[in-house]
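Only one chain comes next, encoded as structure tokens, the form predicted on its own.
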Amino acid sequence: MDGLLPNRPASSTRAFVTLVTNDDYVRGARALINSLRATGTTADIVVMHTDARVEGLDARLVRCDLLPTSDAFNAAHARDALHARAAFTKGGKPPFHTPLDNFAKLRLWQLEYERVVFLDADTLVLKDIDKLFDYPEFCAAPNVYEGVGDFHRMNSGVFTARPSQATFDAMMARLDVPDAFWRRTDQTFLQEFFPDWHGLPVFYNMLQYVWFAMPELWSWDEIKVLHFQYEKPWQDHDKVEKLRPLIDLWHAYERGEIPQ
């Protein structure tokens, strides 16, 4: 596993995997891990990480390098360059958001597992989702948070994968090509790499803005994964009061107080 260094052997053929590339996302990963443990899953829980201080997380830790992309690719996907060329106009990305780091997510295809479910570190798992391990590659939910027009795009915060070095090599051959620009980093790339992606129900990746923008779509009984896209629940931001019930839920999971 070139570019990966695990802290212990795998104990399952299946794993939930997240990525942490700075200390801010360690808080997210802790809440996510607590939420996964509460479902009773027997799959491995894996945190791929770069230089973040992940010691103490209740997970298998896999140190990962950023991808060996070219200087031109790195410059095009640096935070200021990407935001100037493809600004986020619907919400605020936090100051610790580093777009280039997102591509390290692709290293999960180098893991030794047979089946993986990837979850961004700003998600919470509210119900058992182990059935996703039996779903094919590549399944993801639509990027819905504002209107029905969002359904044509996928969101890469939750997806199913079958690790394979051959797939990883094929990704590397298509990722860093002359004049490459992936406007939403790994999300845009994965949608192009898997153009016939299988659509999961939106409840497997319910984006937090649905709470106030499309309340008719919100159903607590059906939501499997809650995703805090844009602003994070551990930040102070201008939507805190609009999202208060969701933020309070996240803090409960971070403290290990699992709601009944």
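Numbers for residues come from their place in the sequence shown, where the first is 1. The structure displayed is predicted, hence computed values, not measured ones.
Just so it is clear, the following notes concern the form predicted in complex with ligand UDP, a form of the same protein that is not shown.
When contacts are judged by a 4.5 Å heavy atom cut-off, residue 15 does not count as touching ligand UDP in the predicted bound form. Residue contact with ligand UDP in the predicted bound form: residue 60 places no heavy atom within 4.5 Å of it. Heavy atoms of residue 97 reach within 4.5 Å of ligand UDP in the predicted bound form, making it an interface residue.
None of the heavy atoms of residue 191 is located within 4.5 Å of ligand UDP in the predicted bound form. For ligand UDP in the predicted bound form, the listed stretch (129-137, 175-183, 97-105, 70-78) containing residues with heavy atoms inside 4.5 Å is 97-105. Contacts between stretch 163-184 and ligand UDP, counted in the predicted bound form as any heavy atom lying within 4.5 Å, involve no residue at all.
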